[in-house]
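One chain is shown next in structure tokens, namely the form predicted alone.
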């Protein structure tokens, strides 16, 4: 790449944050905006939209804003991550790449567009550098990339035989070939990015080269609200908050069980706010369990429904603690950075990227993953120790800003 001219970077995500509120989509979009504001980059964002018929001129593409393109695809193969609409990739996407002529193509995901898009880029622009940010363990684990077995136990390392036990409809041979297939595209990637050391270690154990994975944290927008982290010894109700999708892997059921286990006098000193959506698409048993618990604990728990990303800072400022009770390993949950950005300590499960990002007894508290009794003891502790919140809040390190993150990505691009 010529380091003296403006570099063109195409950032591809599995969705647009206006349409999909996931952390990966937000991270990709924030990086796009930060790079495009620099004088040395021209950035273009591409994400998926799921509404048929919204395309322009018979192509699979549409626009949502200047420099922000949406593509439409359906029937995606989530086993091999292939795009069944070969015209989308080998004609439309190929023409798009040919016209933009990027110096860098940064994939924040291969979902929906297809892992074969990596080969299209390599064929069309052989000199372009390809970067892939790994947001979870989809390449390793067919169970939604969670590395949780279908019997709900944590998975520590995949193998064709073990994967077959979780998914008997796929043979061990199919899982073996799946891994070879995915790795054949990963060989075309110049550099991988992992937002946590934990995730990097998992992919190195899976077979990726250690020196081809850089650990870079996702950047955060600056806080525009005053931080309220003054020491307060006065008795008051402790406010807790859960943010995120209401999936069976995020641990909301464990959190509600933990509140239910609290003694009555402790319940009165706590209040939990639940912000999120997606419960209606979860297994019916999980839906019913969460709904029943929300109704049972209505005096102590308030369910507020979905929220917009720009509302998060104000919502976090209203509480004392943020809780991340996920039952899977996680990687680098956006909610942890949001909490720290706003000066709030975090209570989280003691595994994976959560345990890496939140330092136990320093800027947050850990509990045993999936154990409502362990979390309940932590909640009782914060209710009865009002100075604990301020002590941990004082130790919070400022998260990486968007400007700092863009500079780190710039240096990585240059080194390629």
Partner chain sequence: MEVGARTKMAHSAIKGHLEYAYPHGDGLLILGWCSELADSSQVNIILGVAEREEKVPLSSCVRYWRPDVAISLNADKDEHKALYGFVATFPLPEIEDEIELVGVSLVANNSDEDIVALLVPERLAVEETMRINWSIWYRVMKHASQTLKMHQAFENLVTRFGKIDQSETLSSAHSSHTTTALSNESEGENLNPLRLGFDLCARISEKALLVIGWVVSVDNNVVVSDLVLTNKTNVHISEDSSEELSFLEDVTWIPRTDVIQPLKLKFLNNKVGFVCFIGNCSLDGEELSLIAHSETGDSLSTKLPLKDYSANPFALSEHLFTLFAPSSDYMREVLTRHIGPAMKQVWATYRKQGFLTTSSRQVIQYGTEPSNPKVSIIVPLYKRFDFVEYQLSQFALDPYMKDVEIIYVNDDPESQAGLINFCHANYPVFEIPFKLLHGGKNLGYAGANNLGASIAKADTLLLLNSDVMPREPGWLAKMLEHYKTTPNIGALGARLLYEDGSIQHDGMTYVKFPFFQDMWICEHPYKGLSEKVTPVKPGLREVEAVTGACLMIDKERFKQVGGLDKNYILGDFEDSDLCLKLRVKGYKSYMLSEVSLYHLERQSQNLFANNDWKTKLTIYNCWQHTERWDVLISQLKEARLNELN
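Source: prediction; values computed, not measured. Numbering follows the first chain given and starts at 1.
Another form, the form predicted in complex with its partner chain, is not on view; read the next lines as being about it.
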{"property": "Location of its partner chain contact in the predicted bound form, chosen stretch of 243-251, 113-121, 277-285, 135-143 [non-hydrogen atom, 4.5 Å]", "result": "113-121"}
{"property": "Selected contact from 100, 307, 185, 76, since only one has a non-hydrogen atom within 4.5 angstroms of its partner chain in the predicted bound form", "result": "185"}
{"property": "Single option in 337, 191, 174, 158 placed near its partner chain in the predicted bound form, where near means a heavy atom within 4.5 Å", "result": "174"}
{"property": "Interface membership of residue 303, its partner chain in the predicted bound form, 4.5 Å heavy atom rule", "result": "no"}
{"property": "Partner contact for residue 296 in the predicted bound form: its partner chain, 4.5 angstroms, heavy atom", "result": "no"}
{"property": "Partner proximity in the predicted bound form: residue 86 to its partner chain, non-hydrogen atom cutoff 4.5 Å", "result": "yes"}
{"property": "Partner contact for residue 80 in the predicted bound form: its partner chain, 4.5 angstroms, heavy atom", "result": "yes"}
{"property": "Residues 107, 109 and 206 all lining its partner chain in the predicted bound form, heavy atom within 4.5 Å", "result": "no"}
